[in-house]
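What follows is one chain in structure tokens, specifically the form predicted alone.
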């Protein structure tokens, strides 16, 4: 297969597909397919062919792959992490090939990132005629796209519950993403960033001087992919709450805050818990110190590191007098049940803060 025939695809996680698209098309010089938005069909497709007790991020990835293959993707990619995610790539590929699909598979967990030779050899899976210089040249713009996405989404989650005109943040942001998809270079990105930063900051708000703030923590996938947590951030915003979240690609990948967060969590978690669990504890401590009225932990069902973090979070809750609510998600989780618990959480937090509905 020549590089002109390759159509690459990562499974969805938040809106980072726009960064993946840029680096694939301008660095690896291959076509990139942004998968369809995640829906119930995505999860149903993935759950149907996944092991029963595997965590839900695996099922979402499988569903994304199947939908992407239907649309012509022929080079699938998988990221890596500090838990079972490292094994997902090989299992994803085996299941799909057993189903009869033909494709190339780039598994980041299989790369020796300390060996330039090994990196190049694995990159040839994406493009046999790779030009490493092009990839390096594309990285600054790719990282900047990630930073802008995270910055804009932070702004939205802090303010969307107070917009005067319902849907204005979502509409403006979707318009931005539509233009971001076709950005050609850093100059064009800078102009787009400037335009939409002004527009997002200019959206009229009816925001009280004192708001109820809630911290959002959890495992790497579930906390970042809104469909997998039933768009919980938007549900909280409907109650007029400010949502704060630190877990994103900017903090974890570009700025690599893992060491800093382990230090913050050290009093409660002396040893590494695995994956992002130490970060979960550190973020909960930070949110409690910064005056959040409540903290919500979301995780996929069976995520061992986040399960280990739960009793530690109870200690944080006790010491800082802040309620912490835990949610576990799988393909069978009831959306109605989640919303009912969120309403009860809001009522409790509101009562503790002495605010009138």
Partner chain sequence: MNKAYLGIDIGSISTKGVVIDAENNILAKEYLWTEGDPMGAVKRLLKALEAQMKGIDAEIVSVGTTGSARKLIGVITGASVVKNEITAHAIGTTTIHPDVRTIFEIGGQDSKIVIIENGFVTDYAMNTLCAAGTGSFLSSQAHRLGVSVEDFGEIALTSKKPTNIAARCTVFAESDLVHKAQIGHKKEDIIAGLCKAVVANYLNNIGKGKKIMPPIVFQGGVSKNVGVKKAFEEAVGHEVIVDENGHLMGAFGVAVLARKSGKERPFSFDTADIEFRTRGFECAKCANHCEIICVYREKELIDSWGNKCENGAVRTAG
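Positions refer to the first chain, counted from 1. Predicted, not measured: the structure shown is a model, and the values here were computed from it.
The next section is about a form of this same protein that is not shown, the form predicted together with the partner chain.
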item	value
4.5 Å heavy atom contact, residue 345 to the partner chain in the predicted complex	yes
Contact label in the predicted complex: residue 48 to the partner chain, heavy atom within 4.5 Å	no
Distance check, residue 304 to the partner chain in the predicted complex, heavy atom within 4.5 Å	no
Touches the partner chain in the predicted complex: residue 227 (any heavy atom, 4.5 Å)	yes
The partner chain in the predicted complex reached by all of 39, 340 and 352, non-hydrogen atom within 4.5 Å	yes
Stretch in contact in the predicted complex with the partner chain, which is absent here, among 284-292, 23-31, 51-59, 312-320 (heavy atoms within 4.5 Å)	312-320
In the predicted complex: members of 138-173 within 4.5 Å of the partner chain, any heavy atom	none
